[in-house]
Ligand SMILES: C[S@@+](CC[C@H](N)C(=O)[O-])C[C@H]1O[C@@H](n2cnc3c(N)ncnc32)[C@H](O)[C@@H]1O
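Quick setup: one chain, the form predicted alone, written in structure tokens, and binding and motion questions come after.
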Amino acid sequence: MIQQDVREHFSARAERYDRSSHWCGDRAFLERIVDRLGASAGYRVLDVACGTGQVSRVMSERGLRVLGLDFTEAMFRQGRELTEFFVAGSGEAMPLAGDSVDAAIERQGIQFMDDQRAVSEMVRVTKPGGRVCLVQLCAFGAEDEREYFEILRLRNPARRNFYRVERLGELLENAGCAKVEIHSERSSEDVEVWADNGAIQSESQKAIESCYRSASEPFRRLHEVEIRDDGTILDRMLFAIAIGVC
């Protein structure tokens, strides 16, 4: 039932996914993510929950051999051509042999899965010495997590997991990774555009905007929330890029 909810959610979002958030197609941000992965041309890299292939595109252009994995057809049929190989399947039980890729990456995928199981699968299929990279929206900490998690729940009702930055490091370490390092990125998002993702009703979109307008002072400060005269709401969202060595 959980997988079906996720599939239905992203099937509804697929058509407008790439333009639903600034971070989806932010080329500079994507380049920095791939830089952190540290993979060289010719490496075989697994892109978990590859979706429309934005990360896959950058890796392919750098000469990496990309293996895409996703289970929502409406999403992966847009990004399939950007991968050298493609597998339709779940990140929680990958139909791949152990030690079969040189590195593995996911962006905004494991929050819809049994995350520890999915990260352990990423480690299992990655060769010893290879790197595993997790990229996720995160709360800044205790001051904003309750409000932020409610906003994320409204936008993605199929979501299973919400993160603080340190949780991503724990997932990698629990899966057996060493030399874990975490980097942060900020992405400025127009909340109205971000909320109108094609998969939720207008009531939820309005509730998200209401959360921002009534947000606490700590939340507004941490997210650098800006409410402009024309009604536009901007949130400088926090991404964590966590990397571990198998």
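Note that the structure is predicted; figures quoted are calculated from it, not measured. Counting begins at 1, following the sequence as shown.
FYI, the form predicted in complex with the ligand isn't displayed, but the following is about it.
J.: Look up in the model of the complex whether Gly130 has a non-hydrogen atom within 4.5 angstroms of the ligand, and give yes or no.
T.: Gly130 lies outside the contact set for the ligand.
J.: Would you check, heavy atoms only and a 4.5 Å threshold, whether Phe85 touches the ligand in the model of the complex?
T.: Result no; Phe85 lies far from the ligand in the model of the complex.
J.: Answer for Val45 alone: is it within 4.5 Å of the ligand in the model of the complex, judged on heavy atom distances?
T.: So Val45 does not count as contacting the ligand.
J.: Please tell me whether any heavy atom belonging to Phe112 falls inside 4.5 Å of a heavy atom of the ligand, as the geometry stands in the model of the complex.
T.: Phe112: yes, in contact with the ligand in the model of the complex.
J.: Between the options Ala49, Cys177, Ala39, Val66, which residue brings a heavy atom to within 4.5 Å of the ligand in the model of the complex?
T.: Among Ala49, Cys177, Ala39, Val66, a heavy atom within 4.5 Å of the ligand in the model of the complex occurs only for Ala49.
J.: Which single stretch, out of 166 to 174, 96 to 104, 139 to 147, 112 to 120, brings residue heavy atoms within 4.5 Å of the ligand in the model of the complex?
T.: Only one stretch qualifies here: 112 to 120.
J.: Within 4.5 Å of the ligand in the model of the complex, which residues of 188 to 214 have a heavy atom? Give them in sequence order, or say none.
T.: Counting only heavy atoms within 4.5 Å of the ligand in the model of the complex, no residue of 188 to 214 makes contact.
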